[in-house]
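Heads up, the chain below is alone and in the form predicted on its own; it's given as structure tokens.
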């Protein structure tokens, strides 16, 4: 049994490699924003087009030397010089680039979170053709010499709670696409993902706390006299107000209502589901409905109570409590 449990918990090689690389980069320079990129954080390699051009220039060099072709040698050296200059420009496009910020507005699970970052040129140089990469998502941005640029990278969400965006990569292949310079960094400011609301939640519970109750704004029958109304076919005869009908020369019926509290209590045990995540999903949908109907409600999660209150601010507090549950 112990051997099988150990085999079931084999470490992920990809995560182990990422942790090893993160420790190595952290020894070289800071990796968490705010940071300014220096030469120890910038890596550069030829692109596919750069490798192909290098092979072509090597073949031209060998052919020119073999046939003593001065024009071929001149062309080879000019292209090689331009390539070396493009490598330097690609490096300088990232050098002294400041990365700051790092935040995202809360979203529901399953939606896309837009993680905001601010990029600024410390030495007041323009930075064209920058790309921010997170996983398979790629977002491009250009920075003017005297202004900062805000960039949002989309992050897919699946689970509720607090999450960290993980490793990001800023890169550029400016100006000729022969070399790609890049730098890694790890934003450490987490973002919040709210629970996914239930698609078809049960009705809001009544003030007594029983699930499946009616909306408190809808009139329901009770024992307290409410008003007189026009008699309708099907009304019981004992509800007919004979004296009032005689005075108004029309048949009137007494209407009774049940007194209800304007406050709504939403508790975890009220959600009709066995799974905890399903209950949280139903409570999320109830919180959204209560806010849309401008109700006053209290969220009860065990010993924690939020409210009674109403409005968007109370809604966000409740959704945060559900996400952190």
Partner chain sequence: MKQSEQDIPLHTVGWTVAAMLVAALPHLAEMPLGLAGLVVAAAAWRLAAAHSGWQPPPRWLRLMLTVGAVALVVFTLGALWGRRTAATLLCVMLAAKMFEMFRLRDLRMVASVCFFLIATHFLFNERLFYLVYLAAGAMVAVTALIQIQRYEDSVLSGTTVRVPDHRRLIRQGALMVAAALPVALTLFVLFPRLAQPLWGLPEQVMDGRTGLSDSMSPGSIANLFLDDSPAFRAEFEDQPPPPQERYWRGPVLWHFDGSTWRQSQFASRQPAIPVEAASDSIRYSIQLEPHEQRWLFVLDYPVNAPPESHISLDYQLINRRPVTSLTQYEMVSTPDFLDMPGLHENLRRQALALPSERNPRTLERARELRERYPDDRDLVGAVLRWFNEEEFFYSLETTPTGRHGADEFLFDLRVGYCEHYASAFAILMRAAGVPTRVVTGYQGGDWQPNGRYLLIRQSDAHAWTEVWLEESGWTRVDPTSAVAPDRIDQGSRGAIGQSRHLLDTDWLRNLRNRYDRFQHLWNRWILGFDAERQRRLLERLGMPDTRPGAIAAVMVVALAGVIATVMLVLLGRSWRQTDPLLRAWLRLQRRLQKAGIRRASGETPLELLERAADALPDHTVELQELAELYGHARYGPQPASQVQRFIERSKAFKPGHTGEPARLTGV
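Positions refer to the first chain, counted from 1. These figures come from a predicted structure and were not determined experimentally.
What comes next is about the form predicted in complex with its partner chain, which does not appear here.
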{"item": "Stretch in contact in the predicted bound form with its partner chain, which is absent here, among 60 to 68, 291 to 299, 23 to 31, 265 to 273 (heavy atoms within 4.5 Å)", "value": "60 to 68"}
{"item": "Non-hydrogen atom within 4.5 angstroms of its partner chain in the predicted bound form for each of 135, 163 and 198", "value": "no"}
{"item": "Contact of residue 91 with its partner chain in the predicted bound form (heavy atom, 4.5 Å)", "value": "yes"}
{"item": "4.5 Å heavy atom contact, residue 173 and its partner chain in the predicted bound form", "value": "yes"}
{"item": "Interface membership of residue 154, its partner chain in the predicted bound form, 4.5 Å heavy atom rule", "value": "no"}
{"item": "Partner contact for residue 242 in the predicted bound form: its partner chain, 4.5 angstroms, heavy atom", "value": "no"}
